[in-house]
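Presented as C-alpha cells, the chain that follows is alone, the form predicted on its own.
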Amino acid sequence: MDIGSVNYLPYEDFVDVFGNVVEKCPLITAAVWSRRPFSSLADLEASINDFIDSLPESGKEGILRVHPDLTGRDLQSETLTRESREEQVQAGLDTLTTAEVSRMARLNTEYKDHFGFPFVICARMNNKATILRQLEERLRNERTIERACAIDEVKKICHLRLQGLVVPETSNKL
C-alpha cells in the first residue's frame, strides 16, 4: 500500500492495519490517524514517534510493559503476535540451546525485577548472541537511561514494521 492509500483508510481500517506497529498499542495508531494526511512514510513514522515522545514516563513504561519476554512463555505457547514471533524466529531465538534458554530466562527475570518492564530490543536487527549480550549489558544501566534505550528499540521495531506495510515513495527524478 502506498502513502496515498494510507491517507484514505477509514479509522477502523487504519487501526487494523497499523495497530501493532508499536507492539499491542493500537491506541497510538488511533491517536495518529487524526494527523492525516501524511506526506510520506517518514511523516507517518515521525507522527508515531512524536506521539511516543510526548507521553509521560509512565506512558512510555506502559508501552514497554506490553512487550513479551524474549523466548518467554509467549514464544513457547505460541501466543506471540505474528510480528513478534517472526522477529524472534528471524533472530534465531527459537533455536536457543537449553543453557541459552536458562540464561535468557534468568536474565529476563533479573531485568524485569530491576526495571519493572521486559527487556526490549529490535530482534530483526540482532541475533541471539547479540541479544543475550545486550540483555546482560543493559542490566547495568540506570533506570532512566534504560527506559530511553528501550523506547529507542520500540521505534526501531516500529520503523521496520511500517516498512513492511507501506511502499516507500519513489523519486521521479532520472
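Being a predicted model, the structure only gives us computed values, none of them experimental. Residue positions are given as counts along the sequence shown, with the first one as 1.
Although not depicted, the form predicted together with another copy of the chain is the subject of the following passage.
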Residue 16: heavy atom within 4.5 Å of another copy of the chain in the predicted complex? yes
Touches another copy of the chain in the predicted complex: residue 38 (any heavy atom, 4.5 Å): no
Does residue 63 make contact with another copy of the chain in the predicted complex, using a 4.5 Å heavy atom cut-off? yes
Check residue 69 for me: does it contact another copy of the chain in the predicted complex (non-hydrogen atoms, 4.5 angstroms)? yes
Taking another copy of the chain in the predicted complex, which residues of 19 to 36 have any heavy atom within 4.5 Å of it? 24, 25, 26, 27, 28, 30, 31, 33, 34
